[in-house]
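Only one chain is given next, in structure tokens, and it is the form predicted alone.
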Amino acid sequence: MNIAIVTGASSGMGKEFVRQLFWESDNRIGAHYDEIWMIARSEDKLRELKEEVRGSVFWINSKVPTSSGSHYITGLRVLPMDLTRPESLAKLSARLQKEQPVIRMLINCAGMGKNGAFAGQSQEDTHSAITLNCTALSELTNICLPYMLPAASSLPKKHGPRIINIASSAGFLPQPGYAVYAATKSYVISFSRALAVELQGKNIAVTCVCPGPCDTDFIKVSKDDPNATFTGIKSKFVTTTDKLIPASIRASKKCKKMLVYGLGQKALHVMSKILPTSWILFFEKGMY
């Protein structure tokens, strides 16, 4: 059984990844999936997504040409889990050991961050952000690799397993107001780039995606305000998931190690390399 695993699947980018993989059957990458395993905390939201996707007109056309004909995605598996809890990772590991699937795609999309000065944040929020953004992402990747490596050796490069890690342009530099979040995304970038080099000889491509502001609920959750929106200069660079996610999949197909999405984020990436960090922090302080 070939599967794709998507974390953070109940909303935002993760939700759009599930839609794209199912509706288009991922023929851009050349893999077919018997199932997509959707992981998030909210079982209700995952089941809503399952019904939405399966009930769409794309269900009829959700197939991939293979050597033996057409292949249908036969399942969207709902796995309600809190990845900040070790028992959730242990449960997933046990399920993989029992079913022995071939993981053709792992998308680490789950993440969180809180807005505001670090001194005003709770220990719980700090722990949750570091655990979800760094520890869970790393441990989940470690759990999944044994189910990717055997298949990788028998597949051509363009059809090899893929890992997509969602980072952020916030990871390019320290970011006052999002100190912990930016630091965790720096970790994701560094981890992904090193892992990409380690695995390229094993036929597994790792792509780190670094978007800027996106039309998800991130800003609302980070500010604990259901009406919050991006303001100031950030509002000029907001992208949408229906553009970002297909671009991410295309980058993965091309085995790109890093996708910095959006002109503004590309400019920030270049500036982070050539300008003194103190200069950029001075500018950021004015926006904080």
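The numbering used is simple: start at 1 and walk along the sequence shown. Note that the structure is a prediction, hence the values are computed from the model and not measured.
Below: the form predicted together with a small molecule, not depicted.
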**Report entry** Contact test, all of S168, Y181 and V221, partner the small molecule in the model of the complex, heavy atom 4.5 Å
**Finding:** yes
Report task. Heavy atoms, 4.5 Å, the small molecule in the model of the complex: which of 210-218, 93-101, 155-163, 189-197 makes the cut? Say which one. Result -> 210-218
Report summary line: Students should find that, of N203, T84, N115, T141, the residue having a non-hydrogen atom no more than 4.5 angstroms from the small molecule in the model of the complex is T84
Query raised in the report: Looking at the partner-bound form in the model of the complex, is K253 within 4.5 Å of the small molecule by any heavy atom?
Result: no
Query raised in the report: With the partner left out of view, is Y261 within 4.5 angstroms of the small molecule in the model of the complex by any non-hydrogen atom?
Result: no
Requested in this report: Would you please decide whether Q20 lies within 4.5 angstroms of the small molecule in the model of the complex, comparing each non-hydrogen atom pair?
Outcome: no
Query raised in the report: Does at least one non-hydrogen atom of L173 fall within 4.5 angstroms of the small molecule in the model of the complex?
Result: no
